[in-house]
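Just the one chain here, the form predicted on its own, laid out as structure tokens.
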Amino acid sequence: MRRFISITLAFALVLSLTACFGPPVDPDTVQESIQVIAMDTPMFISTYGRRSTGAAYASEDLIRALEARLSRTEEDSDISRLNAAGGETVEVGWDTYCLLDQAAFFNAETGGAFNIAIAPVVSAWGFTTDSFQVPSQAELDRLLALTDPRGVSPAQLGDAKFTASLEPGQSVDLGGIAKGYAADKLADLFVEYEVPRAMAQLGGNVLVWGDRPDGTAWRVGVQDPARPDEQNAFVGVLNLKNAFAVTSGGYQRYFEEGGKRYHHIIDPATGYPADSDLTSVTVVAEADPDIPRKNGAMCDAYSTGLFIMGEEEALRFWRSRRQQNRENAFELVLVTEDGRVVVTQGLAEAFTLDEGSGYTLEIVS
């Protein structure tokens, strides 16, 4: 059995406004909404403001351009050429260089839990081609020897030339960070187009920009991992302004064989689907219009890494970053195997538990 749930957070309260007749409409509430199928997922973007139409369609162009460079399955993409180069150095674009560099940083931060070089192992399980199988231990041992992230070498040569290389036999997959990076780029675009408010849902990656037209926060639902097929089945709702929210979970994509379920989040330490006591991880961080930070990519990478770590290590990681008072601070919503929703202190007032979900709420500091 296979189930692919690509939308894990609600695209909430998108208002449809018309101004053909009737009283004048506030230009800041003029809205344009588009749907894009890209990066193997449906994406929804709704922009507001005087330049909302231009911003919406520029958003689509941006996403498609990123997909053309970053996709592992597009034959002429930077990543496909890099994976096929057999260890030779290839020229890549700025976005590819940035993501490879960021991926190395997040790999180090998470102690190896987030690792884009795990791609050969993911392919062995069939998650790249949907030809699912349980690989032998001998095959996993062989492939795990190719997943050392230190073999991924991006380089900048001059002001506008970038290259990358891999160790022979290696390959990379940016699926665990590319949509977060796209959200970062959308935030830059919203600044450029003077967008006062917007919501972008890129699969499990959500960017809420500003507030809703009525001045209240955007409502972002956190999918109940136990009910992935139910569109409005949430463990709770986050009320957010100017924020990234990214969810990862084993319920999103999996197959069953021999009565056992195997999900797509592979632990780089074992080569097997992560044996986590969590069913989903949502990472939330600020999207500040005045201080551009690449928090979208961070949230994307950490949502995967912290899922692999499990509850105890994920919370230890969060506390360590909080104590260091880092600029790139983040908060968490963890859904556990034993029926709890664990919310870090910074989201205590922003999160509302769905009382009918059957989960118990736990606020941690």
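So that there is no doubt, residue numbering starts at 1 and follows the sequence shown. This one's a predicted model, so the numbers in the text were calculated from it and none came from an experiment.
As for the form predicted in complex with adenosine-5'-diphosphate (ADP), it is not shown, yet the points below apply to it.
Participant: Go through 44 to 52, 299 to 307, 30 to 38, 334 to 342 and give me the stretch that gets within 4.5 Å of adenosine-5'-diphosphate (ADP) in the model of the complex, heavy atoms only.
Facilitator: Among the candidates, contact is made by 299 to 307.
Participant: Can you tell me if residue 221 lies within 4.5 angstroms of adenosine-5'-diphosphate (ADP) in the model of the complex, counting non-hydrogen atoms only?
Facilitator: Output for residue 221 is no: heavy atoms all beyond 4.5 Å of adenosine-5'-diphosphate (ADP).
Participant: Within a 4.5 Å heavy atom cut-off, is residue 208 in contact with adenosine-5'-diphosphate (ADP) in the model of the complex?
Facilitator: Judged by the heavy-atom cut-off of 4.5 Å, residue 208 is well away from adenosine-5'-diphosphate (ADP) in the model of the complex.
Participant: Does residue 248 reach adenosine-5'-diphosphate (ADP) in the model of the complex, with heavy atoms at most 4.5 Å apart?
Facilitator: Contact check for residue 248: yes, within 4.5 Å of adenosine-5'-diphosphate (ADP) in the model of the complex.
Participant: Heavy atom to heavy atom, is residue 115 within 4.5 Å of adenosine-5'-diphosphate (ADP) in the model of the complex?
Facilitator: Residue 115 belongs to the contact set for adenosine-5'-diphosphate (ADP).
Participant: Considering adenosine-5'-diphosphate (ADP) in the model of the complex, which of 265, 166, 240, 199 comes within 4.5 Å of it through any heavy atom?
Facilitator: Checked against the cut-off, the match is 265.
Participant: Of these, 122, 152, 143, 82, which has a heavy atom no more than 4.5 Å from adenosine-5'-diphosphate (ADP) in the model of the complex?
Facilitator: That would be 122.
Participant: Candidate spot 69, 91 and 93, all three in 4.5 Å heavy atom range of adenosine-5'-diphosphate (ADP) in the model of the complex?
Facilitator: No, the candidate spot makes no contact with adenosine-5'-diphosphate (ADP).
Participant: What are the residues of 152 to 177, in order along the chain, with a heavy atom within 4.5 Å of adenosine-5'-diphosphate (ADP) in the model of the complex?
Facilitator: Counting only heavy atoms within 4.5 Å of adenosine-5'-diphosphate (ADP) in the model of the complex, the contacting residues of 152 to 177 are 173, 175, 176.
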